[in-house]
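In the structure tokens that follow, the same protein chain appears in two forms, which are kept apart as structure 1 and structure 2.
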Structure 1
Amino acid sequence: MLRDERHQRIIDMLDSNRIVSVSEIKANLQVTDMTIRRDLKALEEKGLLTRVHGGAKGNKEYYSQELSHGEKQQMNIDEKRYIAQLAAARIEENDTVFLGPGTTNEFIYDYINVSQARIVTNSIPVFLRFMNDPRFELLIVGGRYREKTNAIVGTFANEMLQQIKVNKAFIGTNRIHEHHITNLNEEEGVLQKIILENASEKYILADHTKFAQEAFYIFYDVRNVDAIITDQLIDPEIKAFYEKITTVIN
């Protein structure tokens, strides 16, 4: 890989990551630490980033136009990142992984730590995250684009997914109520059901605010999933309830 290409990629990584470690870059670009340090040094001299021990952080304005604490809280960004981290830790070398729509699944990219994997998704934002990273073979589900969730749905999508077996599926959900995993939209629910049925390991991602809410379109039963991945703010009682029927990771 050419030096300029590496430089570009490092900048790309900093676009979505605000801080990257030498080892992350190393896994990504398949060169020695020393080369990366030299790259970082050069990029720092150009004023494109600031080196820190173990890596580098970006110094673009848009990193500072970060969300306010209140906004973050509103969207549960921290919780979602926490969940994404737990989910990413489940992904192993050469896995074939399905990632559904949702911010949490988008964040998984930031924490995934393998040198090779196959990613299947019906989410455009997820796809765009992984798009330019050579570690991943990317499969996008075909079908109709649904603007509301930036996801691909419909008959074509369902048919394609019926033919795909994945090691692990990570599905974000709108609501979990008793045994019911639900989605606000039927089409997306149908699709998620299909992929869950074709996945060896089924994970449901849901931050603590998703529990004990009313159900809309029920697409799956909690008892059939391998684990619910959630954050630490989950109500202990709710956690206890779900621990009786499946695994809860948080």
Structure 2
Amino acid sequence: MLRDERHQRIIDMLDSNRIVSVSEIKANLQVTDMTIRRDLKALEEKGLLTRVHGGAKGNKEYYSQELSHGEKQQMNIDEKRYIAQLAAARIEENDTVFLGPGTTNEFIYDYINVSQARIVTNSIPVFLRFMNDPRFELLIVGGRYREKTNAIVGTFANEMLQQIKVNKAFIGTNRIHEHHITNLNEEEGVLQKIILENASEKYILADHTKFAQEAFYIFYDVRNVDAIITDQLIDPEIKAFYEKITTVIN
């Protein structure tokens, strides 16, 4: 198991339980005590937890807040690239594609193999990835800048997207729980719902750590999307559940 994945799994355990023991982490991750101590030390240095005798407790302020774009860029990079490659393979010549905010969507640029397409986005980092490539006609949504995710949101952005039809929409999510696709900000959620409704094909991008948890705002129903694109580490039982109501690509 890679270091970033171990760190995310520890964070997820703390998110659920606030305090976890070294023995619980060891049983969950199947690694040595020495590896766990190194991981806890590294996470403590980042301010994500506090080490206590026999384990660690979560930083309450951290777990009640949305991660910044920069923080998300450091997590589950291999899984995000894998998902981005699967998503890019579904983009065809002359498609009009919406790419929402998120580091996975930024990686899609690295894997697109078309000579021409139109890219619509409300993400500044996505826009910057595609900006100097003549293969792509770019449309960036106008509105209010949200610093936390480097995204454009708000009334102006929503009104613009209500007038746009796309072949395919690729939308990230903070968490998926049962039929609920959720995120941590209602403005971004409203915008994502609008463009999903205006897309011929609707795809949700979520690495394996995003399942069986629910965030603040429900913005869409899993049963109404064409597919969830995830990585190969998804729990088999979770995959089986979602395969009954939509397509799971991994």
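Please note that residue numbering is based on structure 1, beginning with 1 at the start of its sequence. Remember, predicted model here, so these are calculated numbers, not experimental data. Whichever C-alpha set is largest while still superposing within 1.5 Å between the two forms counts as the rigid core.
- The form predicted together with a further copy of the same chain appears here as structure 1.
- In the core-superposed comparison between the two structures, residue 50 has its Cα shifted by at least 2 Å.
- Relative to the superposed core, residue 25 undergoes a C-alpha shift of no less than 2 Å between the two structures.
- If you overlay the core, the Cα of residue 8 moves by 37.6 Å between the two structures.
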